[in-house]
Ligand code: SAH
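Coming up is one lone chain in structure tokens, specifically the form predicted on its own.
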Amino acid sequence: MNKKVVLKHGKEESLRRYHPWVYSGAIHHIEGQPDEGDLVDVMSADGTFLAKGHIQIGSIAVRVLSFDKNEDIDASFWQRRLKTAYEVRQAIGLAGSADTDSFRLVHGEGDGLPGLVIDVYGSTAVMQAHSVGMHTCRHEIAKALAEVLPDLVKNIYYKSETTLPYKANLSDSNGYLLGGAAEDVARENGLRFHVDWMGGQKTGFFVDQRENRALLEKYSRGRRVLNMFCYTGGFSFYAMRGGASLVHSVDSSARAIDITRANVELNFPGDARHEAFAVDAFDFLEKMPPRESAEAYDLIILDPPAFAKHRDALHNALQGYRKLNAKAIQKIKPGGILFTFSCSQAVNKDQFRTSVFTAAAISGRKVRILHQLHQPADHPINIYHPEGEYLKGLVLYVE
């Protein structure tokens, strides 16, 4: 007997529009006693097949893998989806690039594989599961990845201890599924950087800021740059290549600061323009020199971690963005450029922009929007799943 999730009457419309989530409130009953992570068929109230996917505990009860009743979720399924994902990266000019060997290969719902992220750094793929279903299938997915991209992927590191649902009580989540110790230096637009996929945040680097870092490089010449929440220094070494007169990198993590220093040294050995600080971001902003000072910064990057990982935290997150941006706008030199971001999926573009608008109003300064930024093409958004648009950014000119 197939395990089934049967919806309440009238709750099938989102699936008929190919939205890849089933919310727990839409479920009438469940048949077959599936365990978390099991594959289930989703049925309408009248018994019509709608989709199949992984069941899980939480408000999102099923993540849909296929809307085709006859499509089996087997080895060939994983191979097809991974092959298609790679073809997309070829189409946008990332796969096979001489200057860039780091990119996102699988972006969850955007690639028809909800709950799965795969980032590629040189010959190493870092796989991350955000659902029990993808965790359960990790060995099958790794095998398919090695078969689809044998010339590219020599190592597969699985890193999901911090992303799997804590209620699932899973263990043994991190480690190599293929290969082993590998070169930890990757390339992006001709710059090199160390990737800490074992101990770092996410998969080890934030490849989603690649295009925004390249834009920052164009604004950096002759400027005093402050990179807040720098993590491993991506914006910092782009600013240095762009000709910044000074770059300060700030992060609360001493380990991140160590890697930032190593990354700058990798690209600009012995360059005295860079200095890094392992301190609290808000404390650093509070003590920054005033905008009239010769030591004031005239290019600031605010790229904080997600202030809201779920909607319950939305109000506090918006307050955090307002406070952070108000301080930066207040202190930046006249004629300064502010790159400011939110990676919180629970915060939409309008809410983020309103927070920054409020921050500008508090400062009383004249502010222009030069660019509205977003995630790059290797983080595609499923047109039926607008929630996949998570990265928001603004580039501001402050008089």
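Since the structure is predicted, the reported quantities are computational estimates derived from the model, not experimental observations. The numbering used is simple: start at 1 and walk along the sequence shown.
There is also a form predicted in complex with the named molecule; it is not shown, and the following applies to it.
In summary, the region of this chain contacting the named molecule in the predicted bound form, judged by heavy atoms within 4.5 Å and restricted to 249 to 257, 289 to 297, 76 to 84, 122 to 130, corresponds to 249 to 257.
Of the residues 113, 186, 105, 230, just one reaches the named molecule in the predicted bound form with a heavy atom at 4.5 Å or closer; this is 230. Contact with the named molecule in the predicted bound form, defined as a heavy atom within 4.5 Å, holds for exactly one of 137, 95, 148, 281, namely 281.
Within this chain, residue 197 is remote from the site of the named molecule in the predicted bound form, having no heavy atom within 4.5 Å.
Taking the partner from elsewhere, residue 321 is found to have every heavy atom lying beyond 4.5 Å of the named molecule in the predicted bound form.
At a distance threshold of 4.5 angstroms between non-hydrogen atoms, residue 206 is in contact with the named molecule in the predicted bound form.
Remark: residue 109 does not count among the residues lining the named molecule in the predicted bound form, judged by a heavy atom distance of 4.5 Å or less.
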